[in-house]
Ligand SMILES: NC(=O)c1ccc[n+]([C@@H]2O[C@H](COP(=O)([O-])OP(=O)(O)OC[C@H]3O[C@@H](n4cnc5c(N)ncnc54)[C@H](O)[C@@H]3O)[C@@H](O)[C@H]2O)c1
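Presented as structure tokens, the chain that follows is alone, the form predicted on its own.
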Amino acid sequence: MNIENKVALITGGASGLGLATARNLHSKGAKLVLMDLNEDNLNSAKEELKDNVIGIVTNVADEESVKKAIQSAVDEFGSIHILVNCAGIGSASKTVGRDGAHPLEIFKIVIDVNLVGTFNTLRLAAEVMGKNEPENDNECGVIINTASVAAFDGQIGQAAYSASKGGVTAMTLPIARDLARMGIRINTIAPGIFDTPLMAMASDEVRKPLIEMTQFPKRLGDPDEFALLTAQIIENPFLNGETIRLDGGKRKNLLINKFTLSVKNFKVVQQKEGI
């Protein structure tokens, strides 16, 4: 799909991987609909990108909230051609820890935002995409989801997060089959450790082993590299139903680190992926 003049909806689009994706697609001529819970970040993103950008405060796990955002996109730009799902949350809790069993409510919240929220947004966006005028190969739309390497290599304390991202990965191919008749492709990116605002909170003591477990290059991922892959997926018409690891070859097992389980206060906020 040619990105120029297409309407791209990006969840979690006001910071981290979502904002990097927004910048990249905007530079290629896309019209942007940024969905995020953080209104201040949305305003900053709109001010930076300026033309052909709207920002909508949205909870991806809420059906009515997403419906309103999609209707706003259609009202403003006429349709939706591209969806990039970057919104998500993280948690850290052992199945049974010092304080007892893993809080069930936290497990449900992570699944609700990361898995249900991803499906909620893509199903509603796909309904609109299917009405587009077909282009080459009868293509009407492209969907890109964000999973994580935790879907395959989950660490201690990541039961909820890994389950949610494993679900995103597992549903990619069935959805590709569902949407084939509508001319819509769907792929998933599974990022490793990226240098997002969340990782900026980590000390060098935490960052060093994360870098060491990456084969090459020996560093954290750059959000612009995630954005580059999203554009490549959009522009490659034969890429469909696939999950792509973007992790610098990270395979080494990582024991629980201090940063992960130092999260004492779990907050229901949509953060950017890359952990």
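The structure presented is a predicted model; accordingly, all values stated were derived computationally and were not measured. Don't overthink the numbering: it's just position in the shown sequence, from 1.
Note that the form predicted together with the named molecule isn't included here; everything after this is about it.
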query: Contact at 37, 148 and 192 by the named molecule in the model of the complex, all three, heavy atom at most 4.5 Å; finding: yes
query: In the model of the complex, the residue from 199, 124, 140, 176 that sits within 4.5 Å of the named molecule by heavy atoms; finding: 199
query: Contact of residue 165 with the named molecule in the model of the complex (heavy atom, 4.5 Å); finding: yes
query: Distance check, residue 22 to the named molecule in the model of the complex, heavy atom within 4.5 Å; finding: no
query: Exercise: residue 129 in contact with the named molecule in the model of the complex, heavy atom 4.5 Å; finding: no
query: The named molecule contact at residue 243 in the model of the complex, heavy atom, 4.5 Å; finding: no
query: Among 70 to 78, 100 to 108, 132 to 140, 84 to 92, the region lying within 4.5 Å of the named molecule in the model of the complex by heavy atom distance; finding: 84 to 92
